[in-house]
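Structure 1 and structure 2 below are two forms of the same protein chain, each written out on its own as structure tokens.
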Structure 1
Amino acid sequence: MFCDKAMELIRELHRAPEGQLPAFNEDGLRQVLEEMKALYEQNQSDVNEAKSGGRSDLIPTIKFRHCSLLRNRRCTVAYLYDRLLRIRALRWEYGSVLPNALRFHMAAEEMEWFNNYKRSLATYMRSLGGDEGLDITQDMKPPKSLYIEVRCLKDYGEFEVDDGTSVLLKKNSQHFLPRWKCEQLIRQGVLEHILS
């Protein structure tokens, strides 16, 4: 049927929970593009026949195929755009290094786009806040306090705080550290925020 494969791509994204990235459906996308090519070729031959033979009875069929082409295009663009929005959100959530499980779900072009976005964001952050730059990925929610209590979930090693002191992050150790230094490690699963 017309546009079934394209609608399946949209349903696939709709079924995935928010913040999750389903595997890139290269096969489904290829099938949609093949259907679009076939519809376009059929329309071209019918348009030529309608012009040369004066067959006005083909016009409704041509219009129907054209609408199907437009719908397939909209669904394909919506699928790709939604995936890019999710990938962009992953950069803010996980930082500049994505877990392997997420990278496995991305196409090579999406990984290239992620790397370009990562570089652009880093360049922008370096341009802010003087010599050191400003990390705008920190404090995604306004902090209630500047220091938080954290528990280390895995051995990480030495961790240097801004005042020059070093803290040894060993599994199950608890520390009272600046929030902005810990947020990235919390997102990466190294630290856990202890709520009192």
Structure 2
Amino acid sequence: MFCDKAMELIRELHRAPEGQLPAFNEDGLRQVLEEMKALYEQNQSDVNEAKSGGRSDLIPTIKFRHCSLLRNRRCTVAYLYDRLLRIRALRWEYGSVLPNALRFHMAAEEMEWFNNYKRSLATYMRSLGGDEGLDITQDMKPPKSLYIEVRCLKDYGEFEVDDGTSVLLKKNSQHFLPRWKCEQLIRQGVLEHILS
């Protein structure tokens, strides 16, 4: 059946839960592009034959192959676009530096797109808020207080605080720290916000 490989790509992305980026399926994409090329060449030869030889019974086949080509194109574009959306969400989730595991999952072009996105986001943030710029990736929900109480869920090690000194994060120790320093670690699951 035509377009099966393209469906595979879509299904792979559909199976990955929200926010996760599976590895870039270069193989699958290449197969889809080959299939498209084969279909196109067959269509090309058939069109020539239909025009010159007057064989109008080839026209439904040509139409069918054309539909498959369109479907393949739609599936690949959806695949690439969804991956880009996920990569964009990664910037908001993890910050500018991505963990290595995620970087291996991205293709070179996707990396480039990510860098460009980072740059335009940074330029935009610098243009807000007067001289210093405003970091809009902080405080995704309206904060209730400057400092929050957090509890450490696993041993993390030393963690630097604003005035240069560091705090040792050991399991089950509780800390009262500024909100903006803790947000990253809360998202990673090392700290837990305690509401008393």
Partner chain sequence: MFVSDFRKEFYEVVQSQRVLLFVASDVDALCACKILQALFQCDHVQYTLVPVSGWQELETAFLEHKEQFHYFILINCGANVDLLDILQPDEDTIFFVCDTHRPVNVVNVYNDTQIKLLIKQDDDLEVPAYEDIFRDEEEDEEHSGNDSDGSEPSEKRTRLEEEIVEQTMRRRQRREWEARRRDILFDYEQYEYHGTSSAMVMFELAWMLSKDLNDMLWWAIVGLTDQWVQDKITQMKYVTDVGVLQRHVSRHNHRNEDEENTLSVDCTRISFEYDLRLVLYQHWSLHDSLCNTSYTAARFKLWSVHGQKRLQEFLADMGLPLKQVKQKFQAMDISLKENLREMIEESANKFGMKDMRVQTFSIHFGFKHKFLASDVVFATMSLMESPEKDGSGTDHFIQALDSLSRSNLDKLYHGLELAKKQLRATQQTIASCLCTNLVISQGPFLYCSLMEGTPDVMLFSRPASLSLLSKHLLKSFVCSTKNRRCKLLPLVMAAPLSVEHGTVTVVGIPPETDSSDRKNFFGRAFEKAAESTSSRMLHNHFDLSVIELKAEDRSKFLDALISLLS
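Since we're looking at a predicted model, the values are computed, not measured. When a residue number appears, read it as a position in the sequence of structure 1, where counting begins at 1. By rigid core we mean the largest C-alpha set that fits within 1.5 Å across both forms.
Remark: the form predicted in complex with the partner chain is the source of structure 2; structure 1 originates elsewhere.
Superposition on the rigid core between structure 1 and structure 2 places the CA atom of Gln20 less than 2 Å from its counterpart. In a rigid-core overlay of the protein, Leu168 has its C-alpha displaced by at least 2 Å between structure 1 and structure 2. The two forms, fitted on the rigid core, differ between structure 1 and structure 2 by less than 2 Å at the CA of Gly53. We note a C-alpha movement of 8.7 Å at Lys154 between structure 1 and structure 2, with the rigid core held in register.
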